[in-house]
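The data below hold one chain only, encoded as structure tokens and taken in the form predicted alone.
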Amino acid sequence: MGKTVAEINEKIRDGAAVVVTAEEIIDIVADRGVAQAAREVDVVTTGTFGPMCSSGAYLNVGHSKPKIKLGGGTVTLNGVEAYAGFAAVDLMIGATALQMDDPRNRVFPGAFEYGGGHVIEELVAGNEVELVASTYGTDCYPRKKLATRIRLEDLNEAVLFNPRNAYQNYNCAVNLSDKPIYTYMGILKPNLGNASYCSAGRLSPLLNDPLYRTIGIGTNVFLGGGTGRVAWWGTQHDPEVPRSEAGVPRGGAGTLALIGDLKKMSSRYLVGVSLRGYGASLSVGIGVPIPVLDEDVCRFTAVTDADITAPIVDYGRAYPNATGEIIGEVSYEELRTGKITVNGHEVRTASLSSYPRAVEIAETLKQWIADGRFLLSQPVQPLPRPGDGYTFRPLKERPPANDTENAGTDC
């Protein structure tokens, strides 16, 4: 007999719910079996913390005197370009936006020392951020220039909205070329000099619910040190990728679009990132509770790093040219040893994501639930699942006549 979210929430309110982390459930299932664990455990908490480029915040800064229409003009926050094309005083700052005078990769590799992710971190930390705007005047919004300082507490609304977070598995990046390359997976040394990966593995939210049985639109989550919701499935969500017999995707698959109140978040879990030669980003902390509804859900949450494999991809040629080639597969258990074997060579590994911070998030969420401060939610709509026919498609290019090729990044 299974449980329901409502029944589990009642146990949470009564202080009777059994809550464990995704690390702890592995040993419980190994010791007592899936059936017994499913009866005893009510919630499994997950966590992940790492760079998530498709992140940002929208802000309402309020009206000045006289009023100004920021939409249609140029707006910067600490020199970083913000998008103002929504309305008079609504702004969007993206994690990868750069300062207007950043040299980019004109002097290669660029340092990208400060970007939108850093602005978001500054706001959450309680620091002042300089807003500078130049626009055109109208009869109802006559002001054309604005220079002021804003703080998070002064804003009418400040909302973290991330179109693509918590990637369900991802590549292990290597470089087969004879030169170092600078990518969103970090600096990759030539001739298999190192390997980079970015996942919390057994702790990662969507790897504990690989077929999206419990995580869907409306799910309550830990987001950036506060709480948020799954607003939609994330961009590039692709449930139709190859999977193991246990349903674990063997590469990048599902993603989440997340939303939450920026004013209730923490700079410990929202951290600006600089990626040399590539750009700026934001490291985001996310934790999702998995209600143990039945034995199948429990079995999924007991996934180990040995059960999860990542494709090894050459970012020197295959990735930038979108060939789809993979060199092989490697388990997260192997990746976490610090070295793997690729094409007969021993290669050192390093993770862009922080496993200790992921553990911290899962433990924090566990405590919130145990204290009755965080309830589970029944999704109002499931994410697209394997077999639904929903898949991520590449761009269909229809270039204009006489189009010239533009220089890009290494990846």
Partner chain sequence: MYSHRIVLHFPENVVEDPLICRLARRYDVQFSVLRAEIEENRGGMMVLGLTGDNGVVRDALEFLEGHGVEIEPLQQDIRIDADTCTHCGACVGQCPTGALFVEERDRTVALDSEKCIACQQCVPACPYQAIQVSFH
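Residue numbers count along the first chain shown, from 1. Quantities reported herein were computed from a predicted structural model and do not represent experimental measurements.
In what follows, reference is made to the form predicted in complex with the partner chain, a form of this protein that is not presented.
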item	value
Partner proximity in the model of the complex: residue 348 to the partner chain, non-hydrogen atom cutoff 4.5 Å	yes
Partner contact for residue 340 in the model of the complex: the partner chain, 4.5 angstroms, heavy atom	no
Any non-hydrogen atom of residue 81 within 4.5 angstroms of the partner chain in the model of the complex	no
Residue 357 within 4.5 Å of the partner chain in the model of the complex, heavy atoms	yes
Contact residue in the model of the complex, chosen from 90, 102, 238, 305 - any heavy atom within 4.5 Å of the partner chain	305
One residue of 113, 329, 294, 261 in contact with the partner chain, assessed in the model of the complex (non-hydrogen atom, 4.5 angstroms)	113
273, 276 and 352 each touching the partner chain in the model of the complex (heavy atom, 4.5 Å)	yes
Interface stretch in the model of the complex with the partner chain - options 169 to 177, 125 to 133, 187 to 195, 313 to 321, non-hydrogen atom within 4.5 Å	187 to 195
Partner contacts for 117 to 137, taking the partner chain in the model of the complex and a 4.5 Å heavy atom cut-off	118
